[in-house]
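Listed next as structure tokens is one chain, alone, in the form predicted alone.
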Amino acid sequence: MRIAPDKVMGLEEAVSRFVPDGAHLALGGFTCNRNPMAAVYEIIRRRRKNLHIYAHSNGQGVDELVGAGCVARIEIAYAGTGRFAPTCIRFRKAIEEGRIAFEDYSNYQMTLRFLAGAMGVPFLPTRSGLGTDILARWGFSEEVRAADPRLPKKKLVVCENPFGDWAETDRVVLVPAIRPDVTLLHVQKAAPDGTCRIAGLAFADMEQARAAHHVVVTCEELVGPEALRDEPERNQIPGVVVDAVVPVPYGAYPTACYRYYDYDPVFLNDYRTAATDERRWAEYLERWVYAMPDHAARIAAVKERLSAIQADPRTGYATGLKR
């Protein structure tokens, strides 16, 4: 009988092995839900530079990586954390000041781009974007694209349907595949062989995992393979695509992890205040990232908040939380 490999390792090792300077990195999660924050903080502590970020609709993870100076370029549909920051604060500042290059797609286009990467095809067609400036406004010049073989030569292509008349228009938009060097995800449960079970909405995490050359998963619970053999249809990510499994309780904090804990509105409100001021931002990074040896120390520093954000077993969210 073939024994599945054990992919469990520490977060320092996983980031050291799979996230070098200049990596093309995809982030899972959505706005303030299931961001891979423990991995994000480890990347910042290691002072990685010149990262190229891909995300569907990420929030806290994107903002802190950009704010820490780790990011050179980003491709994304939306960067925000709802009412706390309808547009991510450090992300917006970096774009307005020209410190990062930025290219935007629609939410559906980004999902299709990850799906194309997962399928192993160079592009997929859609009608999303027709009639919008997404088609005309490019964030990366042709010179930048020519200099980096990992970037598509064009942002997207509009072409006529080669199969004849169909529906209301023959025009379609071809969106290029994304093949990240590494995708970072946070999930509720993972087995040592990399099999993952996500509770609640999966967002674009499955497509991002299958599109990447490497996948690093942090999880709330490391469980035995037998725990995931029951109802295997609920296991969205197969172990064969995962390279590293890192058990990190509260690994999405301060964002939410459905059925485990909610987002922390107190922390996110404080973060918004810090992110809008340069001095306070520098103090935030020093106190909450660089001075913390690991994510466990960060969680210990907010332990008085944890009871307020614990998920209710019936709803999966914190009840009575002052949002």
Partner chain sequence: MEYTRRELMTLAAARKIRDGEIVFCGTGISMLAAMAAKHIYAPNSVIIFETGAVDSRLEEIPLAVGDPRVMYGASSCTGLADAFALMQNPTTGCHVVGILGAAQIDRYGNLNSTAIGEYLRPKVRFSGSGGACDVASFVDRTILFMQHERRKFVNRVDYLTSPGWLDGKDGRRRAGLPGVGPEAVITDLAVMAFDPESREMFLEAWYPGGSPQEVLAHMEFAVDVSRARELEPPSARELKILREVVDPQRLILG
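Positions refer to the first chain, counted from 1. Every value quoted in this text rests on a predicted model; they were computed, and no experiment measured them.
One more form of this protein exists, namely the form predicted in complex with the partner chain; it is left out here, but the text below deals with it.
Item checked: Interface stretch in the model of the complex with the partner chain - options 39-47, 271-279, 284-292, 258-266, non-hydrogen atom within 4.5 Å -> Partner-contacting stretch among the options: 258-266.
Next item on the list: Mark E221 yes when one of its heavy atoms lies within 4.5 Å of a heavy atom of the partner chain in the model of the complex, and no otherwise.
Entry: No, E221 sits far enough from the partner chain in the model of the complex that none of its heavy atoms falls within 4.5 Å.
Check: Y253: heavy atom within 4.5 Å of the partner chain in the model of the complex?
Finding: Y253: no contact with the partner chain in the model of the complex.
Notebook entry, point to check: Heavy atoms within 4.5 Å of the partner chain in the model of the complex: does D133 have any?
Noted result: Contact check for D133: yes, within 4.5 Å of the partner chain in the model of the complex.
Check: With the cut-off set at 4.5 Å between non-hydrogen atoms, does K303 touch the partner chain in the model of the complex?
Finding: Result no; K303 lies far from the partner chain in the model of the complex.
Item checked: Residues of 289-323 having any heavy atom within 4.5 Å of the partner chain in the model of the complex, listed in sequence order -> Those in contact are R314, T315, Y317, A318, T319, G320, L321, R323.
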